[in-house]
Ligand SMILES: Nc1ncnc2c1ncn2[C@@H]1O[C@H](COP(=O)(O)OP(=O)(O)OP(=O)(O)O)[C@@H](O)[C@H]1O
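Here's a solo chain for you in structure tokens, the form predicted alone.
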């Protein structure tokens, strides 16, 4: 079942087209990552999907509801954590959670239970009596995300939810999100931290200049766009000038840091490796270690966006 279905949606601001005819399909019970460089159209797309702004054209269906015709019905079933900070400065952490539950008409017994659960899950117990104005930016962000879980929802939009969090808090939040998805929640997730998307998301869309340029699982994106592989060769002490003896071989770098490492980064890395091994062997140079470094999602992202930009330039756009 599709939780989000957007067809040919456009959104313009004057002469600027922020979202340029995109299609999106998000299955229920999944974590859908939405990635793109600054100014690519991520925030505008999220505002469209959460009914904060209407599309210039196209259709959006959220949880089976026509979002343009029935935006209030959509808002009753979703949660939204935007990138902009949002907190009640004079309220304590626990009162903020309590207030949010009251706003969503959660009964008193359930509110108390959820407040305690969220204070524990988001490691907020020690600051529960502190006012939001008196806690750190990272702690406020944790409160901002935690309070969204005070109410029941079928779909949650998270826009850079881990901004300002330390690595431990970040991983705790991501694991909490994973647990909620196992319980049936669907997540629409934007981030600039590509390791997060790789760790969390079932499927990823990459947007650039208002257009979707790739959609697939993290593994399939790597298979499609990760043709370049990185191979590292650590060698023993050498007297020869490596640059000189490897001058016939391309696509490599030499790094002298706690030993000598030759790094190959190429779409033809295996062929380059064979050539380098032949040269090293003929010069009696000992190989201490050889390793293949998997292509990261960040490398895929940079490749896809770069190819998209080059395509736009060549077509005169």
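Residue numbers count along the first chain shown, from 1. Computed from a predicted model, the values in this text were never measured in an experiment.
FYI, the form predicted together with this ligand isn't displayed, but the following is about it.
- Stretch 41-49 is the answer when you ask which of 246-254, 41-49, 64-72, 276-284 has residues with heavy atoms within 4.5 Å of this ligand in the predicted bound form.
- Screening 131, 232, 192, 180 for any heavy atom within 4.5 Å of this ligand in the predicted bound form leaves a single hit, 192.
- For the candidate set 88, 116, 160, 220, a heavy atom within 4.5 Å of this ligand in the predicted bound form is found for exactly one residue, namely 160.
- A residue is said to contact a partner when one of its heavy atoms sits within 4.5 Å of a partner heavy atom; residue 83 meets this definition for this ligand in the predicted bound form.
- Though the partner is left out of this view, residue 37 does reach within 4.5 Å of this ligand in the predicted bound form, counting heavy atoms only.
- Within 4.5 Å of some heavy atom of this ligand in the predicted bound form lies at least one heavy atom of residue 18.
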